[in-house]
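Just one chain is shown here, as structure tokens, and it is the form predicted on its own.
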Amino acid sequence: MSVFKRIYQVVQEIPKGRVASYSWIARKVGIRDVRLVGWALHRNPNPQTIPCHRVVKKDGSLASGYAFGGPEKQKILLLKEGVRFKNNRVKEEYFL
């Protein structure tokens, strides 16, 4: 199975109302290059079933390059799922 497919599988396991960091996903997949997670998500073939909006930086901030409408859209999607922010970062309790 390709690395991208493994990344997509892990992202699909992030429950609604929770987030994971790029580095957490990289560890779960068994890779060192966190950027590879970002590249895979930027090429997400199906954002409706692969919820890449639930992936954030390890400090809780949103990536400026969110491919499906920018960080503003990503924040809206997370807020709709009940994720809350403090100082423009996802609160720690929402991380897996």
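Keep in mind the model is a prediction, meaning the values are calculated, not measured. Counting begins at 1, following the sequence as shown.
What comes next is about the form predicted together with the DNA, which is not displayed.
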* S23: heavy atom within 4.5 Å of the DNA in the predicted bound form? -> yes
* 4.5 Å heavy atom contact, H42 to the DNA in the predicted bound form -> yes
* Interface membership of L96, the DNA in the predicted bound form, 4.5 Å heavy atom rule -> no
* **in the predicted bound form, K57 touching the DNA (heavy atom, 4.5 Å)** => yes
